[in-house]
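So this first bit is one chain, no partners, the form predicted alone, shown in structure tokens.
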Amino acid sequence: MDARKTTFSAPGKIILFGEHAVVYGHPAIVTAIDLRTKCRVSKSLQNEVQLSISSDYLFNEPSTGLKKNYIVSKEQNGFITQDSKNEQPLNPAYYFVTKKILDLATSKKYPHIHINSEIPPGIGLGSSAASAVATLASLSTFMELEFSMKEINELAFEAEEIIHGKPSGVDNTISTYGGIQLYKEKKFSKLSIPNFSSYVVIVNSGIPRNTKTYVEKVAKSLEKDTSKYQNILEEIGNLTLIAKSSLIEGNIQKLGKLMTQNHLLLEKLGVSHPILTELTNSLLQLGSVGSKLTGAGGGGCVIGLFENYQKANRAVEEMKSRGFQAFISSLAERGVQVEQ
């Protein structure tokens, strides 16, 4: 990392193929998107460790502009708010990341960490991992530590464990390294794909999602009818491998058809929702070459693949007119990087 820079950003992610089947040893394909979280670290003017968090969610036109300010409390082993005595302490992952780096650093500087995110939390786009990766890169640089990408990724995974219990490691790995990656049984391989014209429209259904609930739902279905649901999972796994070849070939039309097939299989698996199906069908009607839910299902986001930016933009405007949050992204965005 460049020690002269103290502002880094890291991307969110979407799952292109393989949800749920990946839990049972099949592959999944995940890509970084160009919704990013930025972290800037400067010298604290209060001679204490400060943290400020704001949002600039690109799913909404106007930024809320709200900023929350925190300071480290050694008594509470975490960050506490400076804005209200009644507010709950901040997520402990922020404190873990900060304390880890300050404990490793020989420098005695007091940092002011400012995090600004374009990624809405809780909808399956890797918000927490992007925050951890960007903060680790910026804070380690400010504190004059020379962290490798591997070290950032490993520490971000530990932060994800604090938040999610038993994360797969997908979110932090994609946020660190970027690109499009094939994931299978805790191993990643970055796919080398040609430059092709494609745009992904991401639509937030507005329905709360709970990954654990739907992972458990699939597990229970497998217990009740093992043969039926194993076959569905195997179909998803096989489809994911075909999608890998289509990506490498740059065959967008085929890729889109595979996405739609993947969604239909996820419906058979019982993890979709009427609103998700309505949204995927709407994206197809608006010119998408393929669409599907992304993530655990039951809520969260759907994605549609477009070859034409104008069509993608019209789809976004149509979704917004119906009251949904929507955004255009490209595939295979860069991982953590220096910002000017």
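Note that residue numbering follows the sequence shown and begins at 1. The structure presented is a predicted model; accordingly, all values stated were derived computationally and were not measured.
Here the subject shifts to the form predicted in complex with a small molecule, a form of this protein not shown in this document.
Note on contacts: among Leu264, Leu191, Ile207, Val215, the single residue with a heavy atom within 4.5 Å of the small molecule in the predicted bound form is Val215. With the partner omitted from this view, the residue of Leu241, Val170, Ala93, Leu222 that lies near the small molecule in the predicted bound form is Val170 [heavy atom within 4.5 Å]. Shown alone here, Gly300 lies farther than 4.5 Å from the small molecule in the predicted bound form, counting heavy atoms only. Of the heavy atoms in Thr211, some are within 4.5 Å of the small molecule in the predicted bound form. Put simply, Val22 is close to the small molecule in the predicted bound form: some heavy atom of it is within 4.5 Å.
Using a 4.5 Å cutoff between non-hydrogen atoms, Gly295 counts as a contact of the small molecule in the predicted bound form. Partner contacts here mean any heavy atom within 4.5 Å of the small molecule in the predicted bound form, and among 225 to 233, 191 to 199, 161 to 169, 255 to 263 they occur only in 161 to 169.
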